[in-house]
Structure formats: C-alpha cells, structure tokens
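Take a look at this single chain, the form predicted on its own, given in structure tokens.
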C-alpha cells in the first residue's frame, strides 16, 4: 500500500468525489479532504440534471441581456452593485468570449465530451448500483414567448449540428406529454440526451463506492496550503484545529505525491502556489423543494427548464425541485428571499396547479464560473504533481464522472488528450 502513488484530493463535491473514485479504481492510494462534509457545497443542491452538449453561457447578446437584467434582483442574472476589481475583470474576460467564434470553439470541445459524459454517467450508476432516482428520460426546454422560442430553437440548431437529437414541439404536443403545463406554454424543445437524479443520494453513494475501492475520506479538514519543494508537490498543510482526531495527518501536514484541487470557486488561493491565474467567480444558485400534493407541486412526468426565467423544474421522489438563477454577489451564502420567491413565481406561470404549500427545503450554493465558459482541468503551472479541476459552472454534476476519469488517466497514465482544450495553460 505504501508504495502506491498517494493522491490527496481537496474538495468533497461531485468533482472531487469523482476524481477520487476513478483514481482509487485505477490503483492509487487516495485521501479525500473536505472542510465540511461530503457534498456540502453546490453539488448537493443543484437541479439534478445530467444535460450534455449545450453551448456555454458566453454567447452573442449575453452581455446586452445581462446589463439589462443585472440590477433587477428577481431577474435570472443578478450582479450585486459593488466595487470588486476581480469581478469586473472577470466580467470583461467573459464579455470578450461572447462571440459566435467562441461558441463554435467551445462546442468543438464540449459536444464530444458531453456524449461521453452521458454514457459514462449511466455506466457508473449501473456498475456501482447507485440508487439515486436516475432516469435517463431527457427534459423539455419550454417557452412562453416568441422571443424565448426563437432562442430555444437557435440553441437546438447549434446542438443538432454536433450530433445531438433535439425535438421541436408546439404547445399542444407539450401539454399532451406533460398535462401540467399551462396554456401560456407555446412551444419548446425536447432533449433526449439527458437524465435526472437526486444529487444528495448520488453523492452519498459515490462516497460509499470510493470507500469500497480503498479510498479514505476525511471530513472537517480545512486545507490552507499546498506544500511544494523544488518545484514538486510534497503534500498539504491543514489548520491544526481541524486535524486533532485524524491520525493520518501528522501535526498539520499530510504528505502526497499528487494533489488535486477540486474546491470549486475556492481553488484560486491554493492555485497561486503554481503562479497560475484562474479566472473563476462564484455564481450563486438557489433551489426550492416543494412536496407533490393537492396544495403543493404537480406530479411532473418529465423535468423541464423554463426558458425565459432559466428555472429548472425536476421531479425527485416525493417532491419537485425548482432551481436556478445566477447571482454574482461574492463568496457568501446569503439567501435573498426575493430570488427564492422568483423560482416559484416563474414556475406557477407554467404550472397553474402549483399550490401554496411551504417549501421543505430552501438552499443556496456557489458554482465555479470560468470566464470563457469552459471547465479548467489539468496539470497546474510548472509545479509537478499539482492538478486542478474547477470552473464547471452549471455542468458540475453532468461532467463530474467524466472529469474524474480524465484526471485519473492524466495522473496515473501521464497523458489525457481530451484535457487539451480544458487546460489551465490557456490563461497564461
């Protein structure tokens, strides 16, 4: 055991767990460190959709639309007015990538990965017998305005060119397939290459699978620094107070041959040891879970996204999760109740049967948003043995297992061609 490559994975969300799982499956000795508990971040409360092949957020017109919406606290995109040099630098970088050329560049990278991600997710769930309500039944993108429908059709056209199979539907056909839709729904698109699941159950099961493959999970361990000697990773330093009961950690240090940073928007500080620039901002998302019942949520047949408001509506066991919005207000978990209310306000327009029952869960989480809309995955800087996996934005769940597989191939095999377009080196 001691002769095997020891990999420390920092971060217990879906990306960190996936990296640790595939590394352990590949024969590495793996220790996953999580400062809170596994799945405590954005991975736990997301919309629960595995949705592959879509263009990045960086698209022509996005800046114009964002400027129009940014001061409205109930809009799909909200930027809290404040002096934040890093945020405005990130917004500038985001804006310069909002071109047709960049959309095509991103699709050339992400469309093939999306197909692999969907297939691998299905394979993982079946191989490990993960019980998480996994349903590979697709989802609807539904519209209530002509402009929204034009946008949905345009996006579907892009995706179709890259080998996906979106289906255009009118309002009548949508209501035939999902009777809960209101008459205000005029049309949309069905995406068959997609699935839904309950994220918390998936994360718990993936953590169990990691343990079965010999990995170790240490919760309540706050990593403060990556230790580097002569240009090579030697381990990590943790806060002394967090490691009192962890016999694997001596003093405040844990040795490692390789360190994988999978801490979402919090990877930036630790990445500085490699002199790397990671243009990532925390993008806040929300959810409301409402029980299915006479005064609650309708029993939806298929998940959907409400195109104009960007609210996902995902059936999960006995409740429906209404999730979405994008808020740039810094690294905090302050819950803005007007944004929470907007989730159900938008949903009620599409589903008139949605009652007034109180939510059984309200949540906010921070997603790592890269400036060019592409994940940032691969060896970091000139430090040997340091790898980063962040910047997945709203695709963390979708790309989690595939990211884990690619990172494991890179660490254990020395190369992974699929990571070329996602390399942190593109920001040098």
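Positions refer to the first chain, counted from 1. Here the structure is a predicted model, which means the values were calculated and not measured.
This next part talks about the form predicted together with a small molecule, which is not shown.
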Report task. Heavy atoms, 4.5 Å, the small molecule in the predicted bound form: which of 55-63, 380-388, 366-374, 22-30 makes the cut? Say which one. Result -> 366-374
Report task. Kindly indicate whether 133, 298 and 359 are, all three, within 4.5 angstroms of the small molecule in the predicted bound form, using heavy atoms. Result -> no
Requested in this report: Tell me, yes or no, whether residue 407 is in contact with the small molecule in the predicted bound form, where a contact means a heavy atom of each within 4.5 Å.
Outcome: no
**Report entry** Partner proximity in the predicted bound form: residue 90 to the small molecule, non-hydrogen atom cutoff 4.5 Å
**Finding:** no
Query raised in the report: Does the 4.5 Å heavy atom contact test between residue 262 and the small molecule in the predicted bound form come out positive?
Result: yes
Report task. Would you please decide whether residue 324 lies within 4.5 angstroms of the small molecule in the predicted bound form, comparing each non-hydrogen atom pair? Result -> yes
**Report entry** Of 278, 270, 120, 228, the one that lies within 4.5 Å of the small molecule in the predicted bound form (heavy atoms)
**Finding:** 270
Query raised in the report: Which pick from 202, 286, 181, 139 sits with a heavy atom within 4.5 Å of the small molecule in the predicted bound form?
Result: 286
